[in-house]
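The data below hold one chain only, encoded as structure tokens and taken in the form predicted on its own.
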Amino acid sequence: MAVMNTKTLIKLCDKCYWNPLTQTLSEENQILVLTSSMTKLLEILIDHHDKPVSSVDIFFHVWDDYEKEFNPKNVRNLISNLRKRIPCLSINNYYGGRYVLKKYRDNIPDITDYVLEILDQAKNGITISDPNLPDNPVIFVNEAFSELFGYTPEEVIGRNCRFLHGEDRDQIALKEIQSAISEKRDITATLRNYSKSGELIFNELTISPIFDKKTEKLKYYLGVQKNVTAIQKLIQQIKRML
């Protein structure tokens, strides 16, 4: 058996290489058979290593027909199939239906024990909820969330975040968010929320589903809350002046 020249190849994960010249994937010197769609998907992800690629760009790169109607479900299914075919690949979902293939790096430090500490120091509010429990309750909030809304973690954990709407539930964005959650997809929408003291806060909320990479089962929802009250008040003031 010929010895593989790894200098011309791109290492995707341990013992797994992509040949950009032949557009083939090999693992332990054996060629892995991929479908044409998987090969095109892998090609565009590798070309954009560590950079987000939109579902639209993936769709038209893979199916190569701008007369074909865009369907994000096709992209999600293809991503899922590629993950199952090559489990060692690190393909991350990002806000707004974007995907990132992370470059393989040797000797990456294990930061698992520090993830919650990192989230707790983020500038925007962050929540994690568990859709596998009744009513999708919050299981984590960071310090920025508590500072923004005035609730302690103990007052939030175990509850669904809808309590932040108060009685102001006639909001189009709420229906959009409900649809996104039922379809298990990303969404960004601006809500009228209220702090513990009753202060109105315009919350630019981004929700992303987090899936188990091996089973593709939905595990969590990650919520990021950004206070855009000042911007919304400025917009309203400009509208009154026109």
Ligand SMILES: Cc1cc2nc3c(=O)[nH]c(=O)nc-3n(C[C@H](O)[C@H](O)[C@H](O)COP(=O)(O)O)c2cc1C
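Given the structure is predicted, the values throughout are model-derived calculations rather than measurements. In case it trips you up, residue 1 is the first one in the sequence shown, and so on.
This next part talks about the form predicted together with the ligand, which is not shown.
The listed set R162, R83, R98, K102 contains one residue whose heavy atoms approach the ligand in the predicted bound form to within 4.5 Å, identified as R162. Scanning I44, L200, L32, I181 against the ligand in the predicted bound form with a 4.5 Å heavy atom cut-off leaves one residue, I181.
In the predicted bound form, the ligand sits within 4.5 Å of a heavy atom belonging to N136.
Remark: I10 does not count among the residues lining the ligand in the predicted bound form, judged by a heavy atom distance of 4.5 Å or less. In the predicted bound form, at least one heavy atom of Y221 sits within 4.5 Å of the ligand.
Contact annotation for T127: at least one heavy atom lies within 4.5 Å of the ligand in the predicted bound form.
Only one listed stretch (116-124, 74-82, 166-174, 150-158) carries heavy atoms within 4.5 Å of the ligand in the predicted bound form, and that stretch is 166-174. Taking the ligand as it sits in the predicted bound form, the stretch 197-213 comes within 4.5 angstroms of it through a non-hydrogen atom at N203, L205, I207.
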